[in-house]
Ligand code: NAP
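Okay, here we've got a single chain as structure tokens, the form predicted on its own, with questions on binding and movement later.
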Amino acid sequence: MTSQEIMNQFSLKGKTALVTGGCYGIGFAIATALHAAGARVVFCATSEGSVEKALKAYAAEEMTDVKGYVCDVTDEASVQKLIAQIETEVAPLDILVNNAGIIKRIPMCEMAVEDFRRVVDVDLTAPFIVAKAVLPGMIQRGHGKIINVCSVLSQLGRETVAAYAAAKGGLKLLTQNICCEFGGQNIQCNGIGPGYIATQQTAPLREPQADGSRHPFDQFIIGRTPAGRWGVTEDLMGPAIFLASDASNFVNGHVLYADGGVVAYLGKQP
């Protein structure tokens, strides 16, 4: 295989990708990466305001051809309508990135059942719904890539995140099951397991204290990560391109932890 043929394996030219929750943070970074690799990119969000704000952000990155749609990914009828609309207005989907998710940091004994169910609904049931909607078309066309945004908490536990960890652990197994059920139809389903990523949402956890010291949670993450730093959204771009491209055609049912080594690390001896 020539060097050009090897590089072509990573090209997404001619492919169409849907990124759920692709408005900001990790979803925005993944969508940007797929677009840079040549894919047509569409995304969805829960409100028209979020879609419009994201489209301006994409335009600022000279990505004026990105399309956004409003959709509640926990509602199967809405998702089925979304997929039909994308395939009519844009193109059949080759790549799905199940990125939309929420977290509620509440001690388990204080957490309402309704809150637990909501997290599971968004973080686990929704990926099932969207994957179920795109799979028939992928099967018919004989190829497809599904990337589920999992987490280091697909593998590990921590205080106050019982619902999130349960959902992301379930998403890891859903990823493996989609591989088992549809691998024979040339469909690869893999996960990306981000570690702790520096985004607007985590910014308060990284702000220096009044005395100039690190925030306690910031200290915890730095000490727990062999790389010695928080991740940045750019750290997820390469893994996303790899898992969306032909370069990963024999990789299936795998969660690629982009975590700076957290999952591998027991921690420093006191």
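Small disclaimer: the values here were computed from a predicted structure and weren't measured. One-based numbering along the sequence shown.
Omitted here: the form predicted together with the named molecule. The next part is about that form.
- With the partner omitted here, the residue from Thr88, Asn177, Gln140, Gln200 that has a non-hydrogen atom within 4.5 angstroms of the named molecule in the predicted complex is Gln200.
- Using a 4.5 angstroms threshold between heavy atoms, Cys150 counts as touching the named molecule in the predicted complex.
- Taking the partner from elsewhere, Gly253 is found to have every heavy atom lying beyond 4.5 Å of the named molecule in the predicted complex.
- In the predicted complex, Tyr24 approaches the named molecule with a heavy atom inside 4.5 Å.
- Using a 4.5 angstroms threshold between heavy atoms, Ala131 stays clear of the named molecule in the predicted complex.
- The three residues Asn186, Leu243 and Asn249 each lack any heavy atom within 4.5 Å of the named molecule in the predicted complex.
- Between 88 to 96, 131 to 139, 160 to 168, 109 to 117, the stretch whose residues reach within 4.5 angstroms of the named molecule in the predicted complex through a non-hydrogen atom is 160 to 168.
- Contacts of stretch 69 to 106 with the named molecule in the predicted complex, defined by any heavy atom lying within 4.5 Å, are made by Cys71, Asp72, Val73, Thr74, Asn99, Ala100, Gly101, Ile102, listed in sequence order.
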